[in-house]
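A lone chain, given as C-alpha cells: the form predicted on its own.
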Amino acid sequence: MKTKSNPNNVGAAVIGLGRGRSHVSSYAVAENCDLIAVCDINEEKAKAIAEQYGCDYYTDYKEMLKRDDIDLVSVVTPSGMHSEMAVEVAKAGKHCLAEKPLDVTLEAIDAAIAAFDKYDKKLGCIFQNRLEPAVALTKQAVAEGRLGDLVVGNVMIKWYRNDDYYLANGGWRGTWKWDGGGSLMNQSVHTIDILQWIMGEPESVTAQIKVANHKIESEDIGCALVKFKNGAFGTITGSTATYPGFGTSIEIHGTKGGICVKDNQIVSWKIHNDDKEAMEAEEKKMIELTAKVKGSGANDPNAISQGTTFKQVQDMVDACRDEKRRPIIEGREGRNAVKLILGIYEAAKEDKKVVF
C-alpha cells in the first residue's frame, strides 16, 4: 500500500482518469505532496495508471475516501457527477479540486459549496486558463482602468471534435444529463468564464444554439449576445463543428484601448498613450511576453497545455497545507460561468431575452 513519504505532505487522490490524467501527473511532481491513489470504474485503466505512478488504485471512489492518508481529492468525472462526488469528499473530511464545470445545474453547484462550508473544507474549481499570462495581463489592465470604460468583449471558441470524441467513454459528452450541454458547457466554459471574469456580471442574454455536424443531444454551435451590468456588450461563439478547428480568440475593448488574445498569445495590445512610440513599445513587449505559449485544443483535446493545470494543482496543495490560505480559484467561482451558460440555453430554447 502506498504511504506518504513525509507525514506533513498532502496525500492526494484522483477520481476519473480521462482528463484526470493531467491531475495525476501534476500531483506526482507537486511539492509537499504524495499521490496516494487513483480511481476509475475501468479497472484496467486504473491499474495501469497506478502502476505507472507507483500509487494504489480503486474502482469504488467511496472505498478510496475511507483512507485517512488522503487529504485532497480531484474529481474529474463527467460533469453531471461532480457535485454528488464532491459532497461525498466533503463528508469524508477531505479537500476537493473539481474540474470545470463544477456541475451542470446551479442547485448541484450550491449543494457542493454548502457541503464544504458545513464540513469546513476547501473546494477549488479548475479554471486554469485564468492563469495564462495573456489572460492575467488583460485582467490586470482592465482592473487598473487602463482600457477606460468597457465597451464590448468578444470571445470565439471555434474548435472541432470528430464523432469518435463524442462516442468515447460511454458517450457522455454532448448529453444534457452528464455534460450539461455541448460546445458551450464543455469546450467553451473556460473562455466564457474569462469573459464574465473580465467584463463583469451579466444583466441579460439572447442566444441561438443548434446541432450542425454531430449526432448529439446538445449543441455543437452556439451564439449569444450578452449585456453586462456595466453597460458593455459581449458576444460568444462556441463550436465543435468548425472544421478543422480555428482556435480561441478573446477581444476586450474599452474607450481607451483594446487587447486581443489568440490561443493564449497576445496579438494586439493598443492602449492609449500620447507618446506613440511608448504605446508601440508596450504592445511589442506584451506580444513578446506570450509569443512562446504553446498548446491549443482547437482540434485535439490532448494538445491543450497542462502547465496551468499544474499551477492550479500546486496552489491547491499549498492551500491545504495552510489553514489561512484560500485556493486561487475557489468553488464559488465555478458558479458564474455556469449561470451564464444556463441563461444562454434558456434564451435559445425559449427564443427570448433572459434577464439575470
Ligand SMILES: NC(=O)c1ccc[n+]([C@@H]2O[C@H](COP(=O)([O-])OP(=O)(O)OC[C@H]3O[C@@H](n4cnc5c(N)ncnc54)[C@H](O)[C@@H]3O)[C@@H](O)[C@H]2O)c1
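Throughout, we count residues from 1 along the sequence that is shown. Predicted model only: the values in this text are computed from it and were never measured.
The discussion below concerns the form predicted together with this ligand, not included here.
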property: Contact at Met81, Lys100 and His190 by this ligand in the predicted bound form, all three, heavy atom at most 4.5 Å; result: yes
property: Partner-contacting position among Val226, Ile157, Ile259, Ile126 - heavy atom within 4.5 Å of this ligand in the predicted bound form; result: Ile126
property: This ligand: the contacting residue among Asn162, Asn169, Gln140, Asn230 in the predicted bound form [heavy atom, 4.5 Å]; result: Asn169
property: 4.5 Å heavy atom contact, Gly11 and this ligand in the predicted bound form; result: no
property: Any non-hydrogen atom of Gly343 within 4.5 angstroms of this ligand in the predicted bound form; result: no
property: This ligand contact at Arg19 in the predicted bound form, heavy atom, 4.5 Å; result: yes
property: In the predicted bound form, Ala48 touching this ligand (heavy atom, 4.5 Å); result: no
property: Partner-facing stretch of 284 to 292, 33 to 41, 66 to 74, 325 to 333, counted where any non-hydrogen atom is within 4.5 angstroms of this ligand in the predicted bound form; result: 33 to 41
